[in-house]
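Shown next are two forms of a single protein chain, provided one at a time as structure tokens under the names structure 1 and structure 2.
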Structure 1
Amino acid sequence: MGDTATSARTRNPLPHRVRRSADQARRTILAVAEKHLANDGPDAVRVQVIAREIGISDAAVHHHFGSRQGLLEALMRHAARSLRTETESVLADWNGKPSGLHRIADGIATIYADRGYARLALWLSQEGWESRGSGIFQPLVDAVHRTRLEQARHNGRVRPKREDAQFAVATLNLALAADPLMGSGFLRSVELPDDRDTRARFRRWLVRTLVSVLLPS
């Protein structure tokens, strides 16, 4: 019996445990959890799997996040921070040209599709979870509205409504979040190929369309 247990440990050695600060531990857990989310979806984000891969106990993961549900919710907050940070980075030197909006749209699509957060958002919503945060894209709305105000003053047009910018950004966010979940069927329904190139062209078209409505030349 002892020889069998020793043989099993030899074949599947426990990972070496590394001492980390609380902040380092949280970041490491989130990074590994996100990897599993991106590769295999929300069901693959399991406390036991993540703990073993990192070299910590299950209890350590629970200590930082409370539960598996808490870990999944923390992942969503992590994604929200990433979205806001990336958006603000682009807007820092945005000159009102569509190229900046294309970069933002590509960044949003990467988080929703490639990093798996569209599936996680759907999974959490089905569990009854609602985000308490808001205003992730507030900087984008403000930048678009500010550009529209400047353009209207320059061209002697009526002052635009801020709500138009809000609706446009919400439309962009909604379309990019839905694409990884139902985009295949939507593309096929209009006889478009279901591939990354088509989806990239759709994003460019969507941004151009919103720009033509919000920022007419």
Structure 2
Amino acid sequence: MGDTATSARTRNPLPHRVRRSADQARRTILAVAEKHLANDGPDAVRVQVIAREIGISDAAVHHHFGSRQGLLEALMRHAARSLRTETESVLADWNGKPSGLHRIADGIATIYADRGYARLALWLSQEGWESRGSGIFQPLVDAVHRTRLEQARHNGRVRPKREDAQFAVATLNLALAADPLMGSGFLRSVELPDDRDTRARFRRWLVRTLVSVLLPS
């Protein structure tokens, strides 16, 4: 007694030293860090834990990022980038027609729910991550708005506001991102069961509703 207490550091001397390129090492570290961030939030990003998981010492992480803060900042950039990449790949899958909105919504929902990006978006948002990632949903907004303009011209209705499309897309995102974070509570608050099926139905209802408002048939 009194020497195992020397703590985590002592156990498991690291295996044989592996030398990565600085770039490779940074990416490995960031990937693991992002996983923790997405799954369990920013406070789960612990340099010791990350290091051990990779099989390096925590000092190595400090070597590459200077400090935990440095890691978090790099992580923020990295996370923002991968969120953007994911989002763009979903939008790329899209035929450009509002009729494909359900597919898009499902794709977005998958990003947020299954891949843990909801928490990540929350974190980025709270850190005031303003500059990057803005306007990412503009293509979606544009397509919807364009369709509305055509439809209105065709039916001789008043020219719709672009802001409607913006609000709708924002709502879609907000709801889809919030769903994995707080969905269960709010489903229960209206006495709905909290299961996969209800979630899916909710998502469909949301898209159908937004579409029917934007593009009344």
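Definition used throughout: the rigid core is the maximal C-alpha set that superposes within 1.5 Å between two forms. It should be emphasised that the depicted structure is a prediction, and the values quoted were computed from it without experimental measurement. Quick note, the numbers are simply positions in structure 1, starting from 1.
Taken from the structure described as the form predicted alone is structure 1, whereas structure 2 is drawn from elsewhere. When two forms of a protein are overlaid on their rigid core, residues whose CA moves 2 Å or more are considered shifted, and V61 is one of them between structures 1 and 2. Comparing the forms between structures 1 and 2 on their rigid core, the Cα displacement of E163 stays under 2 Å. Residue displacement note: L187 has its CA displaced by under 2 Å between structures 1 and 2 (rigid core superposed).
Taking the core as reference, the Cα of W123 moves 3.6 angstrom between structures 1 and 2. Relative to the superposed core, S82 moves its CA by 6.9 Å between structures 1 and 2.
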